[in-house]
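The chain below stands alone, shown as structure tokens; this is the form predicted alone.
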């Protein structure tokens, strides 16, 4: 896949921070508490207007992201509750005109750019406060026109007032079509304002969902520059993609008492995404005061320490499932290097990789820098003299330096349960005529 030069940074980055933050954090029950608990919208609005976080320090957010090895971020400028984190001219339901008196989007973009990180903005098409959103153009055509104009005006504000924006991340298209949202017109406006921007694929409800969550997410093949599988990691051929994942068990916005996934699970999501040729956008929900939860900071510090040693296996890597390796871990590749990212260190002192056709010139345990003795004969590469104890609390990485781009043997080009099954007949025929033979 050939990319324009101004998009090359995205597959090079591989790892980003998603931030879900707004007045819903004061409830501590996720970002959709207004709808899911059917709260009185008048009470919610009063509480939102009084919300005044004193701990919001986007420079600390940016520092946390950078320490984790993240290279970009996406902030929810407005979620489905309609509250805006910037000084919108289209409404006074904003952080600039209510209690904070601050433009949180401006502070975020300034802080993350200063830290050398790419900047993305999330914007929900949905606004649960507006009856026309629920009625749609069929039942309230006049109200829908006014509402849709409001959406377009706010997108123009966000892309006109905050300098270069690297990503625009839509959400909330359901239940309306791209035609209803005037999406093609909106994308044309976006490109005129920010020619180098990446736009995601959520400007339409999905015609044929790729997952149970896809229809509500509004996935579209025809609109947007990259796809956004949510809560799952699936490559989409032919274009860029990014899996967005929570660092907790389920909810995106701050939730008191939520359970947190451990660092190795979060790192494994990053490795899986990179191994399939995509990015990971890992979410955090700051609390009502704007502070990142300590649980998130501790986990991302562990990932950051791993990335400082092993980042070459992630940044700018390509899909790396060259041959079967699932019994040990995952693979990425870059140029002539194949990286074996070992999730399960068995302490046996040796490892065999089967199905690699390309000759290996050198093997290095990237974690420690030590050379690894090896023998390559027939279908197998045998690595020897590995440490009995895992050399890192997370995933050790072995770099195989090959004579050319890593390629599989014909039988190993497909994984188990895929490809032509008859490719394995010669292998099965080696079984001989012993007691286990059925004839």
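Computed from a predicted structure; not experimentally measured. Residue numbers count along the first chain shown, from 1.
There is another form of the same protein, the form predicted in complex with ligand GLC; it is not shown, and what comes next is about it.
Engineer: Just one of 67, 376, 32, 370 has a heavy atom within 4.5 angstroms of ligand GLC in the predicted bound form, so which one?
Structural biologist: Selected residue: 32.
Engineer: Among 323, 351, 244, 178, which has at least one heavy atom within 4.5 Å of ligand GLC in the predicted bound form?
Structural biologist: Looking at the other structure, the residue within range turns out to be 244.
Engineer: Would all three of 10, 113 and 168 be in contact with ligand GLC in the predicted bound form, where contact means some heavy atom lies within 4.5 Å?
Structural biologist: No: none of 10, 113 and 168 comes within 4.5 Å of ligand GLC in the predicted bound form.
Engineer: Quick check for you: of 79-87, 288-296, 332-340, 153-161, which stretch puts a non-hydrogen atom within 4.5 Å of ligand GLC in the predicted bound form?
Structural biologist: Going by heavy atoms within 4.5 Å, the stretch is 79-87.
Engineer: Is there a heavy atom of residue 204 no more than 4.5 Å from a heavy atom of ligand GLC in the predicted bound form?
Structural biologist: Because no heavy atom of residue 204 falls inside 4.5 Å of ligand GLC in the predicted bound form, the answer is no.
Engineer: With the partner left out here, check for me: in the predicted bound form, does some heavy atom of residue 230 sit within 4.5 Å of ligand GLC?
Structural biologist: Contact with ligand GLC, yes.
Engineer: Quick one: is residue 72 in contact with ligand GLC in the predicted bound form, heavy atoms, 4.5 Å cut-off?
Structural biologist: Looking in the predicted bound form, residue contacts with ligand GLC do not include residue 72, since no heavy atom lies within 4.5 Å.
Engineer: Answer with yes or no whether residue 108 is in contact with ligand GLC in the predicted bound form, where contact means some heavy atom within 4.5 Å.
Structural biologist: No, residue 108 stays farther than 4.5 Å from ligand GLC in the predicted bound form.
Engineer: Can you tell me which bits of 1-27 touch ligand GLC in the predicted bound form, meaning any heavy atom within 4.5 Å?
Structural biologist: 18, 20, in sequence order.
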